[in-house]
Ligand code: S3P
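Have a look below at one chain only, the form predicted on its own, in structure tokens format.
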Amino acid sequence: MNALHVSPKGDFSLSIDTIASDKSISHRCAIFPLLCDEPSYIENYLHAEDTLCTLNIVQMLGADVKVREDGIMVITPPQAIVEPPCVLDCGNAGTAIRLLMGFLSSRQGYFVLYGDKYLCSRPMRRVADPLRSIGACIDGRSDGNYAPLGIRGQRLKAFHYESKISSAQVKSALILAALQADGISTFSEPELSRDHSERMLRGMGAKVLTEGLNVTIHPQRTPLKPLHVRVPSDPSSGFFFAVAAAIHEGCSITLHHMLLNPTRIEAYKVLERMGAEVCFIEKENTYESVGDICITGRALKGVVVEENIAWLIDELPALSIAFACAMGKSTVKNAEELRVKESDRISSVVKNLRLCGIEVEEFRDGYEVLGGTLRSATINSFGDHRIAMSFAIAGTKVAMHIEDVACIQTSFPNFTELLACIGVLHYGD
């Protein structure tokens, strides 16, 4: 499937309990068991290209992975990390490569992290440089800025690192390195980024303490407790369908078993500010808050998005579709991080919205969208799954032809199956 044509089907009211499992938590559920000495039990692991790459790497590092008849995955860690005989292929997964940089930097052996052409064009010095400053031996193209990355495990020093950017990937890599450092380390960031690593590692017994924007990490000299977790559904994936409901007045969608972590539902709160009806219903709270999200479409108005950007950075492409359908101007600021995702998402969003007849002004750190009437267009995904899916959702409003859509499989394998409930789909080359 190289291209997808989507056109409107009509009014809808859906209840969805098959949103893809959370990708961020799935990556961590594969890597964190390597910190234990007993098997971890993972239910509802995401079987998408990115997370399967991470699972394959974990096996190459010596873990035994089995799936029981009841669907629960059992990850048994090795007694010691195995030095693999070949490169570790992360596919398109930025989370995998950056977290593994932190984890492997303190492990005995030599490791080479690699990925597809898109991952190999994404900057890695934001992780490599702070790790090098505490003793890590990391090299790669452009002085370690691009994969392939070679890592020679070393004894690491404790650190006090003040990050200039808010990034859960950078933070998680440094936390994983700090667990093997020679003393207590601290990490701070300008704005709180997603905190799954801190929550999960604390649940496993690690002494990872959070106070405001500061994280204190104590070295871990004994194995952590194994994970026993059911991966919740991904609010970032569910958000595409939240936008679908929001841009159709009177239509509604209920998303079940969703992750309700406050750092992951900010985009839904933006939809609420724009005028959509949004309701959160917590059902459980073990490692994370989990429950249902109900969205009903109402008339939307423009909004300014400039705070808590790290909490909704992945959802901004989909939000741009809501902006295009709203009354008035919507502005995104402080989001320069969008330029170093799977594509330059500021440029990708701006170019494609203009193709759809929407007036957009581009800034270094964001863009301004004047809401109007979408028109049919042929969209270039730039190999970016979130761009492809965002404009596919726009196709439920007015026909869209999206090219290069194979990338959708990296994060949301059943996206088109769910999309078919609210749009008419045709596939092509």
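Please read these numbers as outputs of a predicted model, since none were measured by experiment. When you see a residue number, it is the position in the sequence shown, counting from 1.
Below: the form predicted together with the named molecule, not depicted.
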Thinking of the named molecule in the model of the complex, which stretch from 163-171, 144-152, 176-184, 100-108 has heavy atoms inside 4.5 Å of it?
163-171
Contact residue in the model of the complex, from 95, 261, 343, 308 (heavy atom within 4.5 Å of the named molecule):
95
Answer key, the named molecule contact in the model of the complex at 4.5 Å (heavy atoms) among 81, 293, 313, 200: the residue is 313
So in the model of the complex, are 21, 228 and 230 all sitting within 4.5 Å of the named molecule, heavy atoms only?
no
Under a 4.5 Å heavy atom criterion, is residue 28 part of the interface with the named molecule in the model of the complex?
yes
Does any heavy atom of residue 194 come within 4.5 Å of a heavy atom of the named molecule in the model of the complex?
yes
